[in-house]
Ligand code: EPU
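Shown next as structure tokens: one chain only, the form predicted alone.
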Amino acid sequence: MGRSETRIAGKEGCMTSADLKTGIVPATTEALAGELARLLSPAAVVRVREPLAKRTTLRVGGPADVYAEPGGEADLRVMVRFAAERRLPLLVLGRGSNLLVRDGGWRGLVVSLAHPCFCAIELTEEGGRLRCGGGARLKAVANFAKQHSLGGLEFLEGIPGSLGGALRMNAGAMGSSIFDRVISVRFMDLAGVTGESAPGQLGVGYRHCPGLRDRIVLDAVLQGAPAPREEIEERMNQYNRKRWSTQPAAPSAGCMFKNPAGIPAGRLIEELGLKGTRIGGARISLEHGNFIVNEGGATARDVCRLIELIRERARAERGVELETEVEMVGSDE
């Protein structure tokens, strides 16, 4: 929505789709939200001026003009077509990890697959395979696999995100990446058309998946490896001990930069003497140089200034161009 459009100062909505269907609010943002809500099922949720800081693991960022949770695939199809027809910028939000929302927020529509219908995890008829919804928490996927004595997915337990977001960036930890375990991905494109692809058709690479950039993950089939539950649990415990001994507990977006050739980003930042550097409420973690943490009251601007400081020092002193792993979205104003 453009800067010339009417806004009501201080107006922050917390309305369900049913609420919006019964009233008319004379402001462009609220009117758009009401129009969208009238097209959706009663299970859908629509809010205006929804704070996104509380929906990201870094805990920074401004509000979404319109925030919506579809109650099923039919609602999601309505939402993506609504955004396309009205030229609204569309952001699909998972669990908010690996994401930096700028302080101006998102001037358009944010869609979250938070409804339980997008979070289901079940065994398939094929042995050792799980079908997991795009909104399923990775921790829940790992624990479900453990309960059914399926190994190979333990590394997902400590990644604070959803399956859809993890697939979009080919998330990984402990030497494994999620696409190592993917059989197929079912998705919806921005025209509302559904499809299904194998990993080889999606252009999967290190921390990115171009084939999913303009598609929304509905669900995916993951391959587990039969193993005793006790062994799976022990591996998960080992991973957790390693994670908590090397990574900060304070709010963060996860690893800020992709590892450049020849050296891990965290080690490079440590060698540059930048660990502990603070701007405002944001700080480069003392535990791990590739994490920027929110120590309370940080703004997205604080975090962005630290990112640029790190990149400038890496470029000037080591000739290394650091690329962010965290996705930065939204408006500065």
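Note that residue numbering follows the sequence shown and begins at 1. What you are looking at is a predicted structure, and each value in this text was computed from that prediction instead of being measured.
The same protein has a further form, the form predicted in complex with the ligand, not shown here; the description that follows concerns it.
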query	finding
Partner-contacting position among Arg129, Arg81, His148, Arg207 - heavy atom within 4.5 Å of the ligand in the model of the complex	Arg207
Contacting member of Arg229, Arg243, Lys139, Arg86, with respect to the ligand in the model of the complex [4.5 Å, heavy atom]	Arg243
In the model of the complex, Arg283 touching the ligand (heavy atom, 4.5 Å)	no
Contact test in the model of the complex: Phe257 vs the ligand, heavy atoms, 4.5 Å	yes
Contact test in the model of the complex: Glu287 vs the ligand, heavy atoms, 4.5 Å	yes
Met174 within 4.5 Å of the ligand in the model of the complex, heavy atoms	yes
Listed range touching the ligand, judged in the model of the complex by heavy atoms within 4.5 Å, from 266-274, 44-52, 31-39, 294-302	266-274
